[in-house]
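Coming up is one lone chain in structure tokens, specifically the form predicted alone.
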Amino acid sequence: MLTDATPPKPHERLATALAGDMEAVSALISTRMASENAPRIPEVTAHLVGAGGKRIRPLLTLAAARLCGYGGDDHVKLAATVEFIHTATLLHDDVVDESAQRRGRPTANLLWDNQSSVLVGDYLFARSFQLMVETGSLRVLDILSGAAATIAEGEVLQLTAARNLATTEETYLRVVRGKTAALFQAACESGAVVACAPEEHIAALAEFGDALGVSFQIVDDWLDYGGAGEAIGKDLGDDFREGKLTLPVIRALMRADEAERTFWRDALERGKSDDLDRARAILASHGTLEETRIEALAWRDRAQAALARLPQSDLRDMLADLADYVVERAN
């Protein structure tokens, strides 16, 4: 019998395959975000966690561990760790960026205040370190604590590069690798390490996570100019208004005439223009949105090439499909 049901998306198939593990992760997150002394902590955390999200990062940890034959339960702690780190960075990012919307809902800093968002983010970072220590693996602790430091470095680098028209593609990639890809890589790598996988498999999963994270962020940067607000869970043009130099803008600046450079200088360096339509028209005229999409596809290909070094399995195929899905958002 034919139906009109929409086929499940790759991350949904992955979540179904790992449903038992994900239930354990959700239960652990609920327990560890509690606080008897400061009820605002679970209130703020529940607002962001309850907003949904695909939970791709914890899924990567669980999938990496299971793909490598792991049969214990420390991967659940690591998946919760990864989600806490991610949630903490979102809380902090929304304060730094003065964002009003996250995952289609008002941000925590808008509903409460900046102080609550920063301090609850700090609490979640502390909880994440407690969880990673409980695995008893110094190597896992090194991977995840290193990722937390790299994320902070990436955010600071992005802050210093904002509104600077001299920002290069090399700097942009360092930002992307720091603020986004580092946690994707750590999620995959820690899952493989806790499973005591062979070193070549750990390396392959780390490379997969890095390339997937870069592709994911490049697509997000494309969507800020080429997507729709309801599709990306935030206001269209947020990067433009915040003066962020992302890949499509950096390449457009390389080809800009004097009038276009004056526009970018007014809009990004001086914050004197909010003409998003003109920005999008300039990007379209130079073809940099399409180039950005192609760049995301190239990183997708790197991710899938890394996966190909692992033994064939249903989970490996689902991760390959996930890499396709990440870039399909830009179609």
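Start at 1 with the first residue shown and count on from there. Bear in mind that the values here come from a model prediction, so they are computed numbers and not experimental data.
Keep in mind that the form predicted in complex with another copy of the chain is not shown, yet the notes after this line are about it.
Exactly one listed residue, out of Phe216, Tyr172, Tyr123, Phe240, brings a non-hydrogen atom to within 4.5 Å of another copy of the chain in the predicted bound form: Tyr123. Residue in contact with another copy of the chain in the predicted bound form (any heavy atom within 4.5 Å), chosen from Arg177, His92, Lys77, Lys244: His92. In plain terms, the part of the chain that comes close to another copy of the chain in the predicted bound form, with a heavy atom within 4.5 Å, is 37 to 45 out of 22 to 30, 277 to 285, 260 to 268, 37 to 45.
Another copy of the chain in the predicted bound form is not approached by Ala166, whose heavy atoms all lie more than 4.5 angstroms from it. When another copy of the chain is considered in the predicted bound form, Asp113 lines it closely, a heavy atom lying within 4.5 Å. Mapping the unseen interface onto this chain, Ser145 counts among the residues with a heavy atom inside 4.5 Å of another copy of the chain in the predicted bound form.
The shortest heavy atom separation between Arg127 and another copy of the chain in the predicted bound form is within 4.5 Å.
Candidate site formed by Ala149, Glu153 and Leu159: every one of these residues places a non-hydrogen atom within 4.5 angstroms of another copy of the chain in the predicted bound form.
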